[in-house]
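Just the one chain here, the form predicted on its own, laid out as structure tokens.
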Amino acid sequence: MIMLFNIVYQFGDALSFLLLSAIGLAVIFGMMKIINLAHGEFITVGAYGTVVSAKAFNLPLPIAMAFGVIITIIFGLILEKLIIRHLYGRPLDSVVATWGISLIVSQSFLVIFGPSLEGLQTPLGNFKLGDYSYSEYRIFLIFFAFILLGLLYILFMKTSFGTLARATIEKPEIASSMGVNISNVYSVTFAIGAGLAGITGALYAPTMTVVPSIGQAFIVSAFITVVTAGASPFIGLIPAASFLSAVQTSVTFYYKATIGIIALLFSVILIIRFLPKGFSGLITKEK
């Protein structure tokens, strides 16, 4: 029984990591088609904003996290207005530009804060079952990931703003002819994606050492989850992350973590080969 709980716990931990890694990219890449290689740096900004505000102003962790998210949103809005808005419809250019942004941001954090920053204490504590110890905060992250994704689905699929955003991104010329300020719609949508990345950084800031390259721990997971989710990331994100987590957790349990990562990447290749429209295409087809 304890062994089964341990497997489920590891699966949930991997699932929440993939969902939270990908949720901001699902908006920026999945919806807006911007290949944002600086997504990891948005997460980095959220993590640093949380840690620095908590230490500098002695803020409670939830308020420090809110500061980290706000800073990331502001950072995302500035980037969108100065650089990103000139790259819509230019995917290859967006790759080069966001890669440059990624390098600039990571090196700036290295210069300003040094190679590492003293982290925060993980909240909520631990509980034990048999010989195993489990973090209550990690369990909280599992539930929070599903709640956040549900709210995002409602925002973009069930509200007038979501309909406007999806229609504007899909057919900007028609939206503009109907009097929609497409620049504002793009800015707000991009800010939401940046803010979601900031939430991820803020949530994981107490769980790991905060370093300038912290975003690299998330970027690959984010892209493979969004790509395997398919054309409708809000529909395909949960089945994609669940499948990938199950593969990684099961292989890691019987072998090593490195073998688990290899199995994860190999399964992504198979999904792209046999499900070119991703899990969302499979779900839509079944319906």
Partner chain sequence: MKKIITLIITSFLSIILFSNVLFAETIKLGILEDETGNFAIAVIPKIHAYELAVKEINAKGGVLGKKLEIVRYDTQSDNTRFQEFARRLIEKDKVDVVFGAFSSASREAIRPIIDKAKMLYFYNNQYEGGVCDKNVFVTGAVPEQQFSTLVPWLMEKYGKNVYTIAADYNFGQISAEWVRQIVKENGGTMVGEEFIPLDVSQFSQTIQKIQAAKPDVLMTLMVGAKQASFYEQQAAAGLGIPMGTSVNVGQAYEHRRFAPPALENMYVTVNYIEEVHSVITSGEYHEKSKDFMARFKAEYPDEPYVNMEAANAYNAINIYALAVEKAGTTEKAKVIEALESGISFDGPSGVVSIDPKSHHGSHTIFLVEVGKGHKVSIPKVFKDVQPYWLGEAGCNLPEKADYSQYTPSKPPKS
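Residue numbers count along the first chain shown, from 1. Quick caveat: nothing in here was measured; it's all calculated off a predicted structure.
One more form of this protein, predicted in complex with the partner chain, exists but is not displayed; see below.
For the options F113, Y134, F140, F161, the residue carrying a heavy atom within 4.5 angstroms of the partner chain in the predicted bound form is Y134.
Of the candidate stretches 178 to 186, 164 to 172, 143 to 151, 210 to 218, only 210 to 218 has residues whose heavy atoms lie within 4.5 Å of the partner chain in the predicted bound form.
Contact annotation: Y204 falls within 4.5 Å of the partner chain in the predicted bound form, judged by heavy atom distances. Interface membership of A257, defined by any non-hydrogen atom within 4.5 Å of the partner chain in the predicted bound form, is confirmed. Though the partner is left out of this view, L120 does reach within 4.5 Å of the partner chain in the predicted bound form, counting heavy atoms only.
When the partner chain is considered in the predicted bound form, T249 lines it closely, a heavy atom lying within 4.5 Å. Looking at 7 to 33, the residues that come within 4.5 Å of the partner chain in the predicted bound form, counting any heavy atom, are Y9, Q10, D13, F17.
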